[in-house]
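First, one chain by itself: the form predicted on its own, in structure tokens.
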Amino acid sequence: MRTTINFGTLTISLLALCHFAHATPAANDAQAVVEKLHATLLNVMRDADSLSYKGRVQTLNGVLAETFDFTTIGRIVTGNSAEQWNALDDAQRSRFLDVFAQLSAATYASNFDGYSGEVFETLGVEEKRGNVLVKTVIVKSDGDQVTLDYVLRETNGVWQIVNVIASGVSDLSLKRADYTAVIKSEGLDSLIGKLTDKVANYASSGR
């Protein structure tokens, strides 16, 4: 039997092994957070039909709350400094974070609604200015890849995701541009209403 070795892949694998071998505890912890999210997403994809949309949302709620820092994300996407965010009305802030978390679960449940042999791969971990960047890809069954990079930040000893960069596009930047425009012209309550409508639309069209 002839064995063919892909030296390009082998080189990349060896570099990755060297990189991970020298990973710091922070890098290891951040990588574990991302891989826990990916493991849950794979399970949701594989069981998509039996779970249905509602079941996928319920499965995702817990892991998203654990792996994402929704408070930090919420402050950033509404364009507020820490002082401004803390000065907001408690009820408003709570309502926004609640609907934002609901929308996150609804979006994931709708986008990861079936399985066709996809796998997640972690390519590398980098520490940058106190944050950790975890570089990953989704490899489709036909070999095509979609890059998914995660920025994680530590709060009280816990590493959580504060941004997802899909194919080079920052989700945090997109949401901040959209949300601050609505807040500036219509107010935070209007934004909360629009996000609530999006959640309802996902639920009505989900399967």
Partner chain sequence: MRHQRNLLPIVGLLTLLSLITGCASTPNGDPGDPYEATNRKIYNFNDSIDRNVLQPVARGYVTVAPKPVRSGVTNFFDNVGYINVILNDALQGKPGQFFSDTGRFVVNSTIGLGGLFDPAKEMGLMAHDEDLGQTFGVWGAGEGAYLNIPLAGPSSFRDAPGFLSALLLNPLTYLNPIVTLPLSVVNAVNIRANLLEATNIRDQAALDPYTFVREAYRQQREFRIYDGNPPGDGFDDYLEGDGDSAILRIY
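All of these numbers come straight from a predicted model, not from anything done at the bench. Positions refer to the first chain, counted from 1.
Separately, the form predicted together with the partner chain exists; it is not shown, and the next lines address it.
K.L.:
Residue-level contact is defined here as any heavy atom of the residue lying within 4.5 Å of the partner chain in the model of the complex; does Leu172 satisfy this criterion?
P.N.:
Judged by the heavy-atom cut-off of 4.5 Å, Leu172 is in contact with the partner chain in the model of the complex.
K.L.:
Report yes if any heavy atom of Ala177 sits within 4.5 Å of a heavy atom of the partner chain in the model of the complex; otherwise report no.
P.N.:
Contact with the partner chain, yes.
K.L.:
At the 4.5 Å heavy atom threshold, is Lys36 in contact with the partner chain in the model of the complex?
P.N.:
No - in the model of the complex, heavy atoms of Lys36 and the partner chain never come within 4.5 Å of each other.
K.L.:
How about Thr147: is it within 4.5 Å of the partner chain in the model of the complex, going by heavy atoms?
P.N.:
Within the cut-off, so yes.
K.L.:
Considering the partner chain in the model of the complex, which of Val137, Leu88, Leu133, Leu97 comes within 4.5 Å of it through any heavy atom?
P.N.:
Result of the distance check: Leu133.
K.L.:
Just give me the single entry in Ala26, Val182, Leu42, Ala48 that has a non-hydrogen atom within 4.5 angstroms of the partner chain in the model of the complex.
P.N.:
The residue in contact is Val182.
K.L.:
Non-hydrogen atoms within 4.5 angstroms of the partner chain in the model of the complex: do Ile76, Asn111 and Lys194 all have one?
P.N.:
Yes: Ile76, Asn111 and Lys194 each sit within 4.5 Å of the partner chain in the model of the complex.
K.L.:
Using a 4.5 Å cut-off on heavy atoms, which residues of 55-92 contact the partner chain in the model of the complex?
P.N.:
Thr72, Arg75, Ile76, Asn80, Ser81, Ala82 sit within 4.5 Å of the partner.
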